[in-house]
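Just one chain is shown here, as structure tokens, and it is the form predicted on its own.
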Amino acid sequence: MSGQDRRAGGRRGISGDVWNALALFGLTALLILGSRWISPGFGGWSQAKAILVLSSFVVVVAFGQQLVILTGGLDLSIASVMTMGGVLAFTFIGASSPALLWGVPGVLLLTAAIGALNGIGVVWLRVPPFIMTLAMGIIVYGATLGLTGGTPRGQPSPLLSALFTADLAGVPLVIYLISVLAVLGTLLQRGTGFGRRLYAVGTNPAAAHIAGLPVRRITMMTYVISGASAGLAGVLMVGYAGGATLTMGQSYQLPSIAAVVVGGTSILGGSGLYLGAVGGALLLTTFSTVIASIGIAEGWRTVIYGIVILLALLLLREELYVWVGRLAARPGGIPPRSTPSTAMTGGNK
């Protein structure tokens, strides 16, 4: 039985991963509505729209990160690759609209190539993902620093800025973009042969290899997609901020992992859904926005943020659903603790 089948928890029609994602969306909505207690200006569509825009970068980065984690890996080069993508877009695309047509694909190809190098190191050179991607992140950051001389120079692209300033039916265009990405990413995992092979590789690579699946190629492809996702997030950040810095990606390394894990993806691989990672990104961004508005010092905000992530992981564990289900099915309610004597003798015969 696969991890996803176990997570179904006996619910027919909707898998446990989808229920987990819906729970995260519901918690996000409740948190936004509850923020009215902090300020009367909160809890409305304007706040929800701002949170959706701010979470778009984590949503994009988490797409590639989640694919890597599904195979049991981890990509720690995301921050540096995102920075390089943003710096290149700011430097070479600039205010020229025609340059956007070749500039964005060029940036994505380059960052995908960086991801391919990560994949080569992990798959063929057998370097642990943690070490390989961390080293690649240092190399990429150093290359970006050398390219810019410490100060990125360029001009923001009006078309990229329009993704965040223009809207359709009162909704910023970037929200449509991440909505499409969420649907396509979920369909890729659940509705394609690549997605099914991906879960098989993450669940048991040895068994997948014996079954004839191209384990190395699938694993490497996840790192390629992760690199491209980080590059795209960097390009979008340039449109949002109107510029690029050498630290623009640092704030998204840990949130990309946290969103994926809070979204229900097993850090050991083989179980999870991108829709859950989207819900995790929305919930964490909402909470971060709310606690920042309270005026708490940065250090304590970080402590609270970490506690919330830990609580979310504990509350959304599969074992909790199983325990609640057994508790509901048990006539006597909470099962009694076994005494040492009964544990050793197996109880009264």
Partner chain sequence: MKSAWKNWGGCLLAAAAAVGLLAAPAQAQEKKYKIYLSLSYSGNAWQSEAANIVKALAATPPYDKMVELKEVISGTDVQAQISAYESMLSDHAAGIISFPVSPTGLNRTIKRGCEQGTLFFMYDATVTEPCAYNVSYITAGFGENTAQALVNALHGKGNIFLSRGVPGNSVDKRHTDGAMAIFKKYPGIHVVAEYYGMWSDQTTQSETAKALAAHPDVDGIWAQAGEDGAIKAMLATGSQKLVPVTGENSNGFRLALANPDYQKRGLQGVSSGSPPATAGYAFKLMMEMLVKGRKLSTHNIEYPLPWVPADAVKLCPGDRFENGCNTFPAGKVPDSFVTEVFEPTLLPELSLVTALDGKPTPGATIQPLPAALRAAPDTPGINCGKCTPTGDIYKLTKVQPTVQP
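Residue numbers count along the first chain shown, from 1. Quantities reported herein were computed from a predicted structural model and do not represent experimental measurements.
From this point on, the text means the form predicted in complex with the partner chain, which you will not see here.
Peer 1: Even though the partner chain is not shown here, does Val303 get within 4.5 Å of it in the model of the complex, heavy atoms only?
Peer 2: Val303: no, not in contact with the partner chain in the model of the complex.
Peer 1: In the model of the complex, does Arg217 come within 4.5 Å of the partner chain, counting heavy atoms only?
Peer 2: No, Arg217 sits far enough from the partner chain in the model of the complex that none of its heavy atoms falls within 4.5 Å.
Peer 1: Residue-level contact is defined here as any heavy atom of the residue lying within 4.5 Å of the partner chain in the model of the complex; does Val127 satisfy this criterion?
Peer 2: Output for Val127 is no: heavy atoms all beyond 4.5 Å of the partner chain.
Peer 1: Would you classify Leu33 as touching the partner chain in the model of the complex, given a 4.5 Å non-hydrogen atom cut-off?
Peer 2: No.
Peer 1: Among 150 to 158, 222 to 230, 262 to 270, 175 to 183, mark the stretch whose residues have heavy atoms within 4.5 Å of the partner chain in the model of the complex.
Peer 2: In short, 150 to 158.
Peer 1: Between Gly142, Gly106, Gly243, Gly191, only one gets a heavy atom within 4.5 angstroms of the partner chain in the model of the complex; which residue is that?
Peer 2: Flagged contact: Gly243.
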